[in-house]
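Only one chain is given next, in structure tokens, and it is the form predicted alone.
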């Protein structure tokens, strides 16, 4: 089992690179062969990644949430999975290159630097904690994808306004489709973060004696949830759409990125990676 896990650890960045290469060739050069293999390659890569996560969890006897590099591998998988579901739902494959760059770099860093800790605190072996982390990561993955669609929307909007019809204009979905894809990702992220927050609030008092609801990471997650709640409410009640919603999506992602990196490493207590 160890040899297979180690082999997959090396293979996954290569598979993700091959996948984004196929999506890039299809998008920028309209290569028919790349168009034909890109989606099967994506799903094959995801299947290998799921196998890797399962094998690693069984081999070491805990969910892969004990270090930043295990979390990066989970982030890679969740972003790829959420994108694949959106691609299946919308039948649009043109944006894959811009999304799948993230899983490639996340998994590359994970594969290069991941190490098993000598001693795992019992708290990190909790399956309920694992469910909480998976829900949160799927939520953050959806938020990441929503932000990418927001960036693409703003780029395409700028191209149209300036009458500069580049490859972005020619190959991307129209503004309405990008907004719909961003909304799908945003709604998914909001619901998943809601689940993560509820599970975390249930688990926290049972697992940690000196917990605090003022932990910066917890407050950051709640702030992100509130931003998206306001955005979704404004869209449904006040009729917000277009650029305002896209800017809000990008702003929410910026706060999420800050929470996942700087706050998590330097300012949080029980939420820090070991």
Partner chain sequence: MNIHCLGINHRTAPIEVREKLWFSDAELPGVLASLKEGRMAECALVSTCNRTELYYVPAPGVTNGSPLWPTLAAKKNAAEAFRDEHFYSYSGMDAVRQLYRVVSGIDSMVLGDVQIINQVKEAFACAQANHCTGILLNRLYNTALHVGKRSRSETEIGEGAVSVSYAAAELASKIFEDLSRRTAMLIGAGETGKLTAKHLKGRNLGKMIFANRTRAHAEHLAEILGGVVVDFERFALELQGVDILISSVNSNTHVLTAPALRQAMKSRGNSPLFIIDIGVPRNIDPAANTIDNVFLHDIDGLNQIIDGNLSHRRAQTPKVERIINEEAAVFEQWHASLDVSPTIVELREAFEAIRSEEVGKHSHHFDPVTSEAVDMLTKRIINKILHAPMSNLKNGTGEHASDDTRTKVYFIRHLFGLDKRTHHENKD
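Since we're looking at a predicted model, the values are computed, not measured. Positions refer to the first chain, counted from 1.
The discussion below concerns the form predicted together with its partner chain, not included here.
In the predicted bound form, none of the heavy atoms of residue 127 sits within 4.5 Å of a heavy atom of its partner chain. Its partner chain in the predicted bound form is not approached by residue 205, whose heavy atoms all lie more than 4.5 angstroms from it. Its partner chain is not shown here, and in the predicted bound form it never comes within 4.5 Å of any heavy atom of residue 138. Although the partner is absent here, residue 170 sits close enough that one of its heavy atoms falls within 4.5 Å of its partner chain in the predicted bound form.
For the residues 192, 156, 108, 71, the 4.5 Å heavy atom test against its partner chain in the predicted bound form is passed only by 156. The candidate stretches are 173 to 181, 80 to 88, 128 to 136, 193 to 201, and the one lying within 4.5 Å of its partner chain in the predicted bound form by heavy atoms is 173 to 181. Taking its partner chain as positioned in the predicted bound form, the residues of 223 to 245 that bring a heavy atom within 4.5 Å of it are, in sequence order, 239, 241, 242, 243, 244.
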